[in-house]
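Two forms of the same protein chain are encoded below as structure tokens; each is given separately, as structure 1 and structure 2.
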Structure 1
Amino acid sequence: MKVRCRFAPSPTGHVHIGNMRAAIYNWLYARHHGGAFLLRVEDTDRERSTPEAVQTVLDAMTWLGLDVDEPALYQSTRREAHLAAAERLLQSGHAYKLDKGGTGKGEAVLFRMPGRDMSFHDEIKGELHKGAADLPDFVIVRSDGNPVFHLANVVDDLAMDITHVIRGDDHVENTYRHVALFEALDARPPTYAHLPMIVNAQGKPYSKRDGAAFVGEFQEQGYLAEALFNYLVLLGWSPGDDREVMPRTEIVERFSLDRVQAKPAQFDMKKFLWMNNEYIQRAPEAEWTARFRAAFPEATDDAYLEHVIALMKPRVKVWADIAGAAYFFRETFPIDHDALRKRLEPAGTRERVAALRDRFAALASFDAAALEAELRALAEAAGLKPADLIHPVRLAVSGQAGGPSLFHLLEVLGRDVVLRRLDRLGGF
């Protein structure tokens, strides 16, 4: 039988990384087995399930490259099917009406559990059991006539011909109900796999308070989709050897549910940042160019841009870091005043920088080697360490305490810009 997996989010306006990991695992399982990956939008909460909220889910999936094989099924269109199933269960004696709790709100439809101990196989946790006493009947249609999640979920999985349900740990206990529902509907339940949760440093469910928790935030902050994909896959699964940074094709090839952990995993921002860096450094040149152009529309000189990228690349860990290269393109850029003050402190520094400026102005060729020779010569003549000149010059031209090799930086900026910024030092 062909594998059919699904991702069934309720659109809330945000896509939590825990949900996205479930989507990724479903996608991987389907792709590994040459099956189908489907999307079901559980949009029965009309308040929150706005078109924008649905679009957020779609965007997140597109960004991470989770392609869907069939048109999405919107649960809100399925109400009649859900109610028909309830009616069928009523007819077959698997359900009954009751004013549960005597609320006076009218009668709800309750599903009659089998009244025996139950068990099911979980691909991650193994054989799970529960006693009949802990499996009470439950509502499948509210007294207001609306179907409940459990009913809708099972009826839709049936309609979509789902073979494997890979979802969060919070659904483990629901699974007994779902299995019973499938059986009462004369259907074979799908295979289940419950993923442990993603937790924070305190072991509690990872939330927005712990940092970026939604897919959209990672995208906005300049992380790479492939890095997030790779990191999320490794959060609870490993291929069994020491491979970590893997191309997607390899992950698809090696993925299996039996290597998924049964315990919660902590999201480690440090390691994710490392992972992101692995990917960003390998990003195609065209991507780097596009990112720089987007950040600095004034970058029109291709050769110049190429030089800047070469200098900045190892210092960019997240696309947002590109903003730190502003001094290459603009005359107004952030200045680290504390560092500048400190570097200008030693007596005579300004004068020596001014002298250096004049020497730079007179240079026959404004290249890194010549600049370095000139600066070192002046430093030696003044009885200083090269660093005593390098730091103030760096602050003067870039506003920053750190950055690319100074002499290459100066060469790329060019004589005019460098001289102007050194002159400007007098104003500080």
Structure 2
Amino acid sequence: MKVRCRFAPSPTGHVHIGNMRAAIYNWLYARHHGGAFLLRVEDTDRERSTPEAVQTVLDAMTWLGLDVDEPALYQSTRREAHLAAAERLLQSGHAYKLDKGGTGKGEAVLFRMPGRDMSFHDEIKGELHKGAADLPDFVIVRSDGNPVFHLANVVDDLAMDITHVIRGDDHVENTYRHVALFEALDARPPTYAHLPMIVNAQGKPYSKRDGAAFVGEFQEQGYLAEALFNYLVLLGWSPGDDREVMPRTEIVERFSLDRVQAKPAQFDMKKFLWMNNEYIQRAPEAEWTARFRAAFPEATDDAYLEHVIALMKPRVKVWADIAGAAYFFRETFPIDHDALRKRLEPAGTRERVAALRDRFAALASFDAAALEAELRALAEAAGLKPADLIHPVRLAVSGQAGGPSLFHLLEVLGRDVVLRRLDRLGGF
């Protein structure tokens, strides 16, 4: 039997990381077994499933490298097949019509549950059971004639020859209904695997309130697709050792459902930021250059840009952090005015910085070692700590309270720029 998995999103304009993790697990399982990974767009909600919402799903999949093996199936095109299945169930006695709620608006079609205890094997959770009393009949076609999710889901899984359904554990209750529908349609149910919920530090479902929660947000904020892919894989699955940063080819090779945990998985933003940094530091130099040039078109001096990248690279955790290097390329850049005022408060600070400026101007060689020696000598002569000068100088030339080594930063900026910005300190 050839493995056939599917990702079946309902487009709403955003793609939650929980949904995308389900897509990734389906993709991995299919690739590991040499099977097929398919896409079914469950777009029957015409108000929410706009072309733009569908494109958001497709863009997220493309960004994360989740290629599909067959043309996407759009559920909205399958209405007649869904209604035909409902009619078949009516004819076989597995369904019946009812004016549900006594509204007089039309007859809904309800599926008749078997009236017995039910169970199914979950590849992650093991054997799951539910009593007959907790499995009531349910609507499969609304009184307005529109098929319900449960019927469409099962009929389309049959049409697509799906062998494995890997989805979130919020679908466990639905699966009892779906297994009964498969049986009523004389079909063998697929193998089911329900993934643990992604939660926050408090153990509650991870949402927008906890930070970036949608794939598009991570992309916009400059995170790497491979880092997000790798991290989402580890939210529930483990390779069996302490390795965390893994190439995709190895993840495919080692992926299996028996190593997926059943308990909820916590999304730790700090841990993800660490992983993204691991990936970003390994990016080829050509990409670093391209990213900086895209952020700063005025960066035309190759040698200068190379020095800036060398200084900034360790401080870039996400691509968006590149924006913090504006002071290397522009005279207008963000300034932390609160920090600057604080560092200029001690009496005599402006005068000492001005004296340091003159010492810098007289240096024969404007390099990090000479700059540091001058600053430390002046601090010692004034009975100060070096930090008492380092902080106001850093703020004067970069506008920031933190950053790369000050003396290397000054060397890269160059004598003219540094002196001009130290002169400007008097205006603050």
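For numbering, take structure 1's sequence and count from 1. Keep in mind it's a predicted model, so treat the numbers as computed, not measured. Superpose the two forms; the largest set of C-alphas matching within 1.5 Å is the rigid core.
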Quiz item: Of structures 1 and 2, which is the form predicted on its own?
Solution: 2
Quiz prompt | Whether A401 and R420 share a rigid part between the two structures | solution = yes
Quiz item: Smaller rigid part's rotation against the larger between the two structures, whole degrees?
Solution: 11
Quiz item: Where the core is superposed, what shift in Å does the CA of G348 undergo between the two structures?
Solution: 6.4
